[in-house]
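As structure tokens, the next two blocks hold two forms of the same chain, structure 1 and structure 2.
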Structure 1
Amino acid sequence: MTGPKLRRVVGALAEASGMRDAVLNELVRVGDAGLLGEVLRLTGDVATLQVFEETSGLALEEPVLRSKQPLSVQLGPGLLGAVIDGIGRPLQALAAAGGDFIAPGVDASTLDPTTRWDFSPVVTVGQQVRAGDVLGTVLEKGLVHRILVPLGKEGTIERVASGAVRTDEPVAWLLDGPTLHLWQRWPVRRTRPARARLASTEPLLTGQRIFDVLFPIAEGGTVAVPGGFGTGKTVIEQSLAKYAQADVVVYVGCGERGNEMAEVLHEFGALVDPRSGRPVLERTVLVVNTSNMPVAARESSVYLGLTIAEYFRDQGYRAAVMADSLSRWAEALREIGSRLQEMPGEEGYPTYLASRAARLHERAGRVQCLGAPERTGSVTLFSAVSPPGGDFSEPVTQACLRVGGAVWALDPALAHQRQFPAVDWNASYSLYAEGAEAWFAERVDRRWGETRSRLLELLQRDGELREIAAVVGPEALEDHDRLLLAAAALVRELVLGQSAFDPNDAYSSPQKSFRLARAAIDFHDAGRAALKGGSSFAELDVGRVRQALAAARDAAAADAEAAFLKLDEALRALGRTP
């Protein structure tokens, strides 16, 4: 038998001969086991393939089958709550076929073809439809899943289904044209088109005080979260997945831990989203390629996640992608690049690292969607970055910083003190802050912007004073400086500090965030007035304010009002000597 055959296998790469007509990025089945692979390079009749499954056991001369298609993903109802690997196979299906350990060579489609959905058409017979038009809807786990005309398809509706439809059955028939299904396919490495890109102005609420108040993120924006090991990247990504104001979350566990994924499944399944009243897991798509799963699929998993997010964006939703971690994606590029014997760039990363990272970030954004009815949607990207040795000057961190609209830099010193989120406010920034300020001022409090500037100023001055205090001792400082240190300590420990594990404080509404932040500023003002009035710093009852602020922050919703009243009292009592 002739046809393409393996001539070399090393690591995640294989070479096949007899591949003269293949094209770049074509999907192939490799070896007797039919492992999924992709063409990376073509030289004469030899193709170099990256293999998305474990390669050990592949033997020379085993066959390679061409698919004549690029790596793509099935998009349609059934994605919400799904757990899929970096090439789109549901892990449940892999477990059903292979047991507790992942066996190579299992074939499974992303969506279950036999699930029935209740389809409500919005188009009528005789109507003209074009790419992006909404054909109808199905209700999926509380979300109205809009079924869109795929790109490249248009025509007149000849017939349209209504009621129960299986995933693999047609929902619409075009006159002299193709039939349309509940699902469509899209090549993961290609950005899904939109009618127009829009500016990102509105904040996407995160429920985390330090982000919403100091370093907000806009809908459609991108954030890089760099930090050494154990600084809290994953906890941040998970908190955002739980509480951020997105309609759909795509959580990409890229080269990280298996137990973390088990935890996400477990927790997200139990946590109820107050806006929908349904488990958070039901608005989540999990893309999982843990650190011990094949490297090539780690690289593809990020694109897969972005494609799914774009698909929900195109339906008019706010999608968010949590990528943990982009460093593992970059390392996969490096590993494959070095096996291809490409000329290495900085620290062995391929020279195209920065351009790939930029292109990947460009898939985030707010858009005017294709098709009718008119709608806008967005993809917001949160990416964790894991710099070796915690050194931010390394290439992956730098590549992400260049393209990120906001940076939440994590500091191991804060993490060691258990000051969480361990965000270094000096190194962090957000280019969306100005736009967000106007929004918050309108909806939460007019003094939002002023409060934010005051907080930043306090923290700035606090840094300087603490340096001085380290040399002369805090006792040697003037009273107004000691007051400032006390106010800044309130801000750092109690306002910005937020435990992801405290059921009352894991999520903070913008109103609560503002009140706490404002209380710290009011404390500073009241203290200054008291000092001016002749009191000494030692006479101020700082302890009472600290306790009241902590109690207000950690109070259960039902007790919060009372706790805030007590805080007001403590503030008013500050200057009055007993």
Structure 2
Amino acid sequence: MTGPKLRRVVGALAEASGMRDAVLNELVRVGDAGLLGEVLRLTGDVATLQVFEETSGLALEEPVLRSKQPLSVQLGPGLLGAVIDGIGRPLQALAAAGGDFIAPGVDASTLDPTTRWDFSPVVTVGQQVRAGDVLGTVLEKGLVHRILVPLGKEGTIERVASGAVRTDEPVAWLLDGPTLHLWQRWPVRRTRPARARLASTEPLLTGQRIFDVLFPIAEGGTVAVPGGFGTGKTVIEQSLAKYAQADVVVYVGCGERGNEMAEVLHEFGALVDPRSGRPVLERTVLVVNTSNMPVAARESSVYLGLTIAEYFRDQGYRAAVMADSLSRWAEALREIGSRLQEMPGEEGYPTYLASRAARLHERAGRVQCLGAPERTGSVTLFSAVSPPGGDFSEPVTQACLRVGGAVWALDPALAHQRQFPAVDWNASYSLYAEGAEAWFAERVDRRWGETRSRLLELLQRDGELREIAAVVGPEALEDHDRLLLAAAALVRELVLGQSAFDPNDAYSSPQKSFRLARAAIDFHDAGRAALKGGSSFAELDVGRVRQALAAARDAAAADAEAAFLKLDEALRALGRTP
């Protein structure tokens, strides 16, 4: 046989000779089994290949077939609700082809070519189209899926299809040009272009009070969620997938345990979108690359998830990517770097870890899309980080902190105290808060910014006083300090604390979040006025306010107004002696 052949295999890496004309990131088929791989490095006519599958059984001199194409993914109708691996193969199709364990070299198209979709064209014969223009629409699980002209293709419409069309059939024909299909292909490591990047000023509402009030995230922003084992990262991501104001969710399970991903699949299947009443899984794409899968595909899975999110962004939708976790992605970089004998950086990670993390985060953003009609879309990135031992000074966490627009730091001590979400308000921050303040002031209440500042000030002072109270006892504190501790306790437990399993409290609207937060501030202000008027802290009816605040938090939507009226009454009566 002539052509490229294997000359060396080391774990997930292989070397092949006869590859002088190859290019970086070119997709290849390795060995007689046809394992999927990618060109990682070129030295003369020898190419170092990153193999996305288990390399056991490969032998020297086996052939290597070049595709002359980079690792790409099919984008089109059929993605919503799909469960795919780190290189875009649907797991259901792989199971049907080879059983519960992925067989070496097995391949499957991301989209089922035989599925028929009801295509409604919006272009007419003789119309000039360019990259990004909308050809027509397909209704997919309640979402209007816009079929776009692929990048690099333009011309005049000669003929256009209508009605039931198979995925592999053309939907439009161009004069003296190519045919256009329902799907298009895009390299996962290449950012999809847009007409212009827009400022991220509108918040992406999450329904979680601690995020929306204290640390808001902008539409198209990036959030790092560092936290050790058991701090609630997965529950937070499930709550975001269900309640965040995103049209499409792409969940990337990068290097997580197989049983944990099985639980995520089970939980996502049971979640119901409160806005549409349909299963959350119908607007979710799950990219699964568990810890027992080949490490090389783990590195590509995050790029795959971002590419899918950018595709829905280009249709004019708000896409949210949840990468769980970037620590496993960085570990894949470290393992591949060590096999390439690259110079290690801190803790063995490659020296380019920070730049790779930055490029990953730069793919998020809010944009004006290519093509007509005019539309805007966004990709918001939530990246979970699992620092060993909860040490936020380790390289992966620090790399994400440098480029993230917001940080929601999870504290195991708060989790042990049953404070959920277990977000450390002292270590967390958001660079989007100032820009989002105008939006909240216009649509919710003009006192939003002041209330947020007062809450943070209250919590900071509370941390200082609790250290003193732990030494001398709370009874030894002055009355105004005891009042502050009581107000901060209301904030921690009833305002910021939120149950993901309570149907009335799992989601909190901006209006409800503000009223609860403002009630805690009003309690502190009314209590200070009562103390100045001669009352003692013992005379303040703190219990009544606490009970009324808890009732307002847990009230159903129909009973909320009555509950808040009782809360206002309790605040007005604060300090009155019998």
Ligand SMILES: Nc1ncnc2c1ncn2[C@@H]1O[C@H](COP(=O)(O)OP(=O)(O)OP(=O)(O)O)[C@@H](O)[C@H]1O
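All residue numbers here follow the sequence of structure 1, with the first residue given the number 1. Computed from a predicted structure; not experimentally measured. Take the two forms, superpose them, and find the largest set of C-alpha atoms that agree within 1.5 Å; that set is the rigid core.
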query	finding
Which of the two shown is the form predicted in complex with the ligand	1
C-alpha of D411 off by 2 Å or more between structure 1 and structure 2 on rigid core	no
Core superposition between structure 1 and structure 2, C-alpha change of E260 at least 2 Å	yes
Threshold 2 Å Cα movement between structure 1 and structure 2 at G155, rigid core reference	no
Shift in Å of the C-alpha at G44 between structure 1 and structure 2 after core superposition	3.0
